[in-house]
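The same protein chain appears twice below, in two forms, each given on its own as structure tokens and labelled structure 1 and structure 2.
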Structure 1
Amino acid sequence: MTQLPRTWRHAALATTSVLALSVAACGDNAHHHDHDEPTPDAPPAGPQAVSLRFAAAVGDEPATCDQVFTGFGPNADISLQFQDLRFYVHDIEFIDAQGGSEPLAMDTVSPWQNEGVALLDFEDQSGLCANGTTDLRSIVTGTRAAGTYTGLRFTLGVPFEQNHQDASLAAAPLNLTSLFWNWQGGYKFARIDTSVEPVNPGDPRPVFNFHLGSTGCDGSPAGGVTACTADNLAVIELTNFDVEADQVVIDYRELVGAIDLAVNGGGPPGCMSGTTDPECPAPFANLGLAMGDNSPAMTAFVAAPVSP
């Protein structure tokens, strides 16, 4: 694509479907570049069906509810089990080598995908995930313009318009009561809860709940929520991503880093997106979310080849 004349690219960008054709045609057919339309012998290439794969991991291991994971905390001596591991995504885009992007037109897949919002679910109600669901979900399906893409971008969370609806009326996947966040007038964008092994067997188990969601929301009885000072929508970008070969992995070890999961330094145990909660800056930064004046680098999500 880099050698395409500007006029050709502009014409191709006129509509999504034209771009789809043009991208498919440009690879081996450079002699067609001075035409605005693909030649009849070019292979037809309409929108592509895409299945974007996600995974949840703890380092190299899949994150599951029925397993104990070790080596957390500043001294790498904390063990934990998951109690929940779910998150919403929207605004998925594929990035091409020029930095342009094409959106994924998300399918409607009951109960996982609706109106451009998808739920990813890595808990199966086993182990300590008692308030979860037995179903799992690790893909987002849809269509995109055919083409060659090198990167991926998506937003972790629920778009503002859907986030502040009346949850008692919402359609799946926004009807899971464990993801309601009514006192903030929204949803938990991500719910990743762990139960920490006590130092002394028999002691109460500390929990480290990570609930991401919009805070600082204001509004009125008639208009509902009108604005949030901290939308906490994390835009995740993976610069090297091939949807055919790769999957999006959220790595819990990267999300929490070396913070002490067994000690609650203030606010609710773990981080519930509170601006003054001492357990929030680290996981927020690892999602690339600023808390204060920093502009952190996102590390919690990585692109990784799908295991053979």
Structure 2
Amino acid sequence: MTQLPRTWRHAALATTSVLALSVAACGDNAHHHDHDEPTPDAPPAGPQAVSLRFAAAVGDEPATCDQVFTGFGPNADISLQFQDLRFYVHDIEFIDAQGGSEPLAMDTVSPWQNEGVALLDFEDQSGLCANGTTDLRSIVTGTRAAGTYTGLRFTLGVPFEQNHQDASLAAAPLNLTSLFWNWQGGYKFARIDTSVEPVNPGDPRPVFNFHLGSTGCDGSPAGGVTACTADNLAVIELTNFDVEADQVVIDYRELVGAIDLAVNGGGPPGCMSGTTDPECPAPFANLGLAMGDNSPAMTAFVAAPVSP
């Protein structure tokens, strides 16, 4: 498990301190002490309420809209600001030591969670994030079966069955048209946009937009979509993950690697999930998504402890 530096961990805790972790047996009374109370080492009986915490970072700093981040690009001379930072997750599972898994039964929490899909939102409309919303969201809540779990697995994106609909009629969190392409392409599973600081004052600001979503989808507006040649649903698995002590962190520096964010090598600026887009192979690989015959290792998400 990758552990981020203590300075970041403390800062991340500050941003999420209001989101108190609660993993406890349903109906358990913390003030009730008698001989029937489970021993400290025994998992509580019955379904457990879970708050799974997420965070967004740039290396050892929390990712925010109102800050300039430095050291990007092949020569580490590119600085940038975020313009958007949101993504969907579903199919969350907790993994035990034997490799078995138990799903998280996700709560319905409007406008963030519905029908097994959750939106994580790390932009607050400040700085250059003008197209976003003021509200933030960094937890997914639900219940899981009692047990002892050592790992976590989830899918980045929207399930196929919910991906090709009319966003203007969909229930939250799938009602945000800013996170939607069209009926055929479906939703932007992740929208992480950045603006590069110009070398000289007054020069244009190059943008690097990372929009992850399905491509090569068939169908028609009348008949709907039946398949996509690339669903681009990234399955993220983290070992040695303790939901009571850890949080899931997406690290933008790991996501883009050493890409020259100031130069568009072809197609729209950044990566729009196109198979021929020269800016896509690196972030796809860092999410563990294959483009071609490769089998890349996921590095963009890590498990990081939260200080008590």
Partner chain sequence: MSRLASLLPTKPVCLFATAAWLLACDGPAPTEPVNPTADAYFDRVLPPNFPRPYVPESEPMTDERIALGKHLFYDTRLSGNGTQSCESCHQQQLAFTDGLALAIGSTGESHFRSSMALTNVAYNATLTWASPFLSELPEQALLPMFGEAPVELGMAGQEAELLQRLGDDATYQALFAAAFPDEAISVRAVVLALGAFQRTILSYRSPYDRLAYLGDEAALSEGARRGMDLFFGEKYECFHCHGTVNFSDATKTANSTFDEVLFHNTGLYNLDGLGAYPASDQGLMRVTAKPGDMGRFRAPTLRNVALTAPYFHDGSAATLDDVLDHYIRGGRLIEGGPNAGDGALSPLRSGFIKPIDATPQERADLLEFLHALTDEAMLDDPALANPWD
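Just so we're on the same page, rigid core means the largest C-alpha set that superposes within 1.5 Å between forms. All residue numbers here follow the sequence of structure 1, with the first residue given the number 1. Owing to the predicted nature of the structure, the values given are computational and were not obtained by experimental measurement.
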Form predicted in complex with the partner chain - structure 1 or 2: 1
Superposing on the rigid core, does the Cα of A222 end up 2 Å or more away between structures 1 and 2? yes
